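Only one chain is given next, in structure tokens, and it is the form predicted on its own.
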């Protein structure tokens, strides 16, 4: 697994962080953009933006609220990942999951790789 530091904290509190890893037999790339009160995370193997979802914590519910913004609404991979990350970070989280494999064991590998990176570089998230 590789990690490459993107831009540091830039004007306006934006931080970019790119990393990648081989998960199973597939090379997966990640691009994280930390904004003031939110996080944008792109996950994919090739440059594409086929789906986009947002999730945020609600004071009325213990489970973050999520909505699909772009792509097939029946594909819940982006929304589910956004919900889990919003719960962990307590931020508004945008996720674009652009991989054909949405098997639950594979998405768990994706989530674990993100959590590893969050532990190693908390200032980027």
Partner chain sequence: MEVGPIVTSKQREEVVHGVPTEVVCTAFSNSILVVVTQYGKMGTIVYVDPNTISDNVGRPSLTTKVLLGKDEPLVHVCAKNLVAFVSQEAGNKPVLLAMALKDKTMEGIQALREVIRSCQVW
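This is a predicted model, so every value here is computed, not measured. Positions refer to the first chain, counted from 1.
Here the subject shifts to the form predicted together with its partner chain, a form of this protein not shown in this document.
- Query: Might residue 109 be said to contact its partner chain in the model of the complex, defining contact as any heavy atom within 4.5 Å?
  - Reply: Residue 109: no, not in contact with its partner chain in the model of the complex.
Partner contact for residue 90 in the model of the complex: its partner chain, 4.5 angstroms, heavy atom:
Looking in the model of the complex, residue contacts with its partner chain do not include residue 90, since no heavy atom lies within 4.5 Å.
Tell me, yes or no, whether residue 37 is in contact with its partner chain in the model of the complex, where a contact means a heavy atom of each within 4.5 Å.
Heavy-atom contact with its partner chain at 4.5 Å: present for residue 37.
Distance check, residue 102 to its partner chain in the model of the complex, heavy atom within 4.5 Å: The answer is no: residue 102 has no heavy atom within 4.5 Å of its partner chain.
request  = Just give me the residues of 65-91, first to last, that have a heavy atom within 4.5 Å of its partner chain in the model of the complex.
outcome  = Residues within 4.5 Å: 69, 70.
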